[in-house]
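Before any questions on how it binds or moves, here is one chain, the form predicted on its own, in structure tokens.
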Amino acid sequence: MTMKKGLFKWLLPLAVILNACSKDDDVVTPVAPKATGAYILSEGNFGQNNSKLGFFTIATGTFAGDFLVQQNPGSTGLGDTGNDMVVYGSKLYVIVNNSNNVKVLNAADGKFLKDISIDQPRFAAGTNGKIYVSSYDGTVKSIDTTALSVSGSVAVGPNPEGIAVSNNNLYVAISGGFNPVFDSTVSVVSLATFTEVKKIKVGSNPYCVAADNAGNVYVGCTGNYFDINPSLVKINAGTNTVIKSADTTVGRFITYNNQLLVTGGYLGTAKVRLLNTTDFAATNFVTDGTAITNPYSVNVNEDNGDVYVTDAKNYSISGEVFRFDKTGKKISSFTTSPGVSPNKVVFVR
């Protein structure tokens, strides 16, 4: 990462999970089938070309730490700074920021399909047969999931970050991370026309975005690391207006059982919290005293409610993934070795 906010995170050192039908643009399933495994993305260290893609087999409880290379003999590896990934249809899309590409794999076995060139891609979301990728060149790119090529681009603002889908729109956090003063807006992009239709004022340095099933979009704003605090903003996706904002430390988060499941390790909060979506009141998710050094991201296996929390440790040694049941009690944990700074978990079914 090459801007102030990203450099801060590297130096200290949504997911859209849909199920394959006959074609990628037919992915609609109300109940998640049983997951067979989980891909674990470890971003590595900026400029060191050491991102890793691991795979956890749920039935056996075993973890392959460099699954991409294992499944693709002769591969040179994932690349530099794996930032996000999405399972959509039959494919896995891995966003590799400093290698300037989206690596496309067969989700079932991790076999390489194609690299798609995008300038400093950041985050992704999938819907309606497209993968949408925020790019630090100030745009969101659309990828056709059949042709596996960039099919469109829309300007959204400086250094876009998290992206989510709601009410037939994309909601994109505009961080302005290269600028002397951070941005504080969310760009609303119509999926019907693939044009920006509105800017919504939120907090300083917006980063993570997630949508719930009730027509709300949540934006985690990082602040400026000095005198502007992190905040959380709730947007009504029907009216595209802010309906709640409060100071609270959130890093990456997801919507979960009508709540927000929130991490904040890189902002100094070594807890995984549940936030009420009405008043943002917080409780600890972990109920058995399990200590997590640096909770970096979180995701839920929807077929059984198990929660996976990644622990980035100190960003320079192998990380760890903790599995909890839905009551916050630890089931197991495993190291992501040789992966450093695990930052995303997605499930394959």
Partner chain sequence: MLVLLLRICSSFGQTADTLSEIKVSAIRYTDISTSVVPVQQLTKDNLGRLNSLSVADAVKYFSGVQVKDYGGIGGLKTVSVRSLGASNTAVSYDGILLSDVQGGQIDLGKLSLDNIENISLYNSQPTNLLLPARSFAAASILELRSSIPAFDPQKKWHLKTVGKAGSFGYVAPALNVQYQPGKKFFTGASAEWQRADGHYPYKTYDTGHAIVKRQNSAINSIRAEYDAGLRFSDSNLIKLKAYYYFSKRGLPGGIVQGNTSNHQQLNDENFFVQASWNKKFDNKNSLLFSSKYAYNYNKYVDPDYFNTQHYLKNVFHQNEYYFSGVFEHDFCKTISAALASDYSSNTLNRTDTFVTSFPDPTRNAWLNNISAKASFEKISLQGNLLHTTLRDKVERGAKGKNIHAFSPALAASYQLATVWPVQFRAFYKKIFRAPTFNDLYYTNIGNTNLRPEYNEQYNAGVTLKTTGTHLLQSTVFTADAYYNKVKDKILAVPRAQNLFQWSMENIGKVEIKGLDVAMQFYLKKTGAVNISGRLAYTYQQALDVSDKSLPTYNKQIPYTPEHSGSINVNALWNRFAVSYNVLLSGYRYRTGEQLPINLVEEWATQDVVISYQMRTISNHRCKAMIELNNIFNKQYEMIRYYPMPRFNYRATVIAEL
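Positions refer to the first chain, counted from 1. Note that the coordinates shown come from a computational prediction; the quantities given were computed from them, not determined experimentally.
Just so it is clear, the following notes concern the form predicted together with its partner chain, a form of the same protein that is not shown.
Contact between G126 and its partner chain in the model of the complex is not found at the 4.5 Å heavy atom cutoff. Taking the partner from the other structure, its partner chain in the model of the complex has no heavy atom within 4.5 Å of any heavy atom of A281. Heavy atoms of L113 never reach within 4.5 Å of its partner chain in the model of the complex, leaving it off the interface.
The closest non-hydrogen atom of G305 lies beyond 4.5 Å of its partner chain in the model of the complex. Residues within 4.5 angstroms of its partner chain in the model of the complex, judged by any non-hydrogen atom, belong to 48-56 and to none of the other stretches in 34-42, 320-328, 281-289, 48-56. Though its partner chain is absent from this view, in the model of the complex it lies within 4.5 Å of a heavy atom of just one residue from G203, G251, G162, G89, which is G251. Of the listed positions (Y218, Y207, Y171, Y132), a single one reaches within 4.5 angstroms of its partner chain by any non-hydrogen atom in the model of the complex, namely Y207. Residues of 67-88 that come within 4.5 Å of its partner chain in the model of the complex, judged by any heavy atom, are G74, T76, G77, L78, G79, D80 in sequence order.
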